[in-house]
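One chain is shown next in structure tokens, namely the form predicted on its own.
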């Protein structure tokens, strides 16, 4: 046990701490504030404290637990809300009221609740089991089976396993290796700083469907991939993150509110319990873990919240689930590191951030991926990080460090947001490096024309941007009709396909099948328009066709009506263009 020598905000220097280890959790002061050792200097330990340090004094005791910062993993994780160091906020509220008192602790997992344990098929007493081996499961929610795995470092002969009702700390089995026995419970603890081991990592070859057309249709992210959503204040990062959390086709969602405003997290906490899972109709919280660490909470806990979230995600990945982890925002996480680094008096890097910022960003995003876990099952973690560059300046260190490691970049544009174009993802500055990896999946499930139409759509949008610069100089009337068609088709793509309402019951989510139909219809209209212009039909007559209204209303078509709408609109395009060309030729006497 040591004592406090110096206090600097969330940083405390303790003396007489010989025998302590890096990243040990400690209890600081008479109130027992939770902290973590981040630097050792002989008998002195530098501690980042995860609670408000106001009022503690030099000379108060500091006690090391001898254990690293860890999370508790067991049935009861889902449908729960934690702070940055996995303290359950609802339990803390019951203990201290609306404002969390200092030194208050609570078990992350309810120790009294009983769970019905079922033995996994093919598992029996006498089997030789290793770490990660699945021996049973609990039906944690209607949507998710919570699989019970042998803890890391345990191997041997299984005995004493039987079905029944247990608390998370009750012994459910025993593993014996050479006379050394390990008691197995449903509760595990994992260090948040150390990535969980796995057997092998695979290439990400399946898209994560989000229901957002500009993402799925133009800039997809793979399951097990990485993505960044950078943008200035008010550009729609939070709305985009919430939409992905609601509609992404993942099994588990871990959402981290890292340093965000309290009102935004309140919106999530109020809205999510009322949302229905689009697949099952059950409450979305039944497959969601929320970590709320708002901007008014201690800065050191903000730094830990990212690691808490990704460790929980790894746990569900090891069960064979596809997990989506959303961190909003990593800029606030980096700011927490900058503050701690400054108090450590470390040599600052660019804009005051620590020199190791790019390394920390890379280490975090590298915990994504599609893997064969120790359980033998295949699972994935898709990491999506929102970035909040000051003034939207993407040249600042956090944005640049993120861009070096992620493979999908959704660039939010304030001008689009101001023009009420949502999602305000700029199609000219965004990109995805997963296109080639995902092409075989698209070809198999949506047909080869899907990838071809995506490429053609991008060419049209890029050409439209070039033509708009010319139009500003000479006017649209100076352009040939074929290029005026490109301008019009570009506008149709932007307004009828890319623009989407997150608050409309039908438009909020669009399946890949419907997206393919919408793009194909617009490109089919373009093909017929070019043919009609070549036949001599005036462009103004083409733009007055009634089918254009049908195309603009495609987003209102319900998923159950997609097939009917696809055939109807395609037939209408052909019919109306054929009639238009015939009428023109008759009028011209041809």
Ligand code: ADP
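Numbering follows the first chain given and starts at 1. None of these values were measured; they are calculated from a predicted model.
The same protein also exists as the form predicted together with this ligand; that form is not shown, yet it is the one meant from here on.
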query: Which of 478 to 486, 279 to 287, 164 to 172, 414 to 422 lines the interface with this ligand in the predicted bound form (heavy atom within 4.5 Å); finding: 414 to 422
query: One residue of 78, 502, 158, 373 in contact with this ligand, assessed in the predicted bound form (non-hydrogen atom, 4.5 angstroms); finding: 502
query: Single option in 323, 291, 235, 73 placed near this ligand in the predicted bound form, where near means a heavy atom within 4.5 Å; finding: 235
query: 4.5 Å heavy atom contact, residue 446 to this ligand in the predicted bound form; finding: no
query: Contact test in the predicted bound form: residue 239 vs this ligand, heavy atoms, 4.5 Å; finding: yes
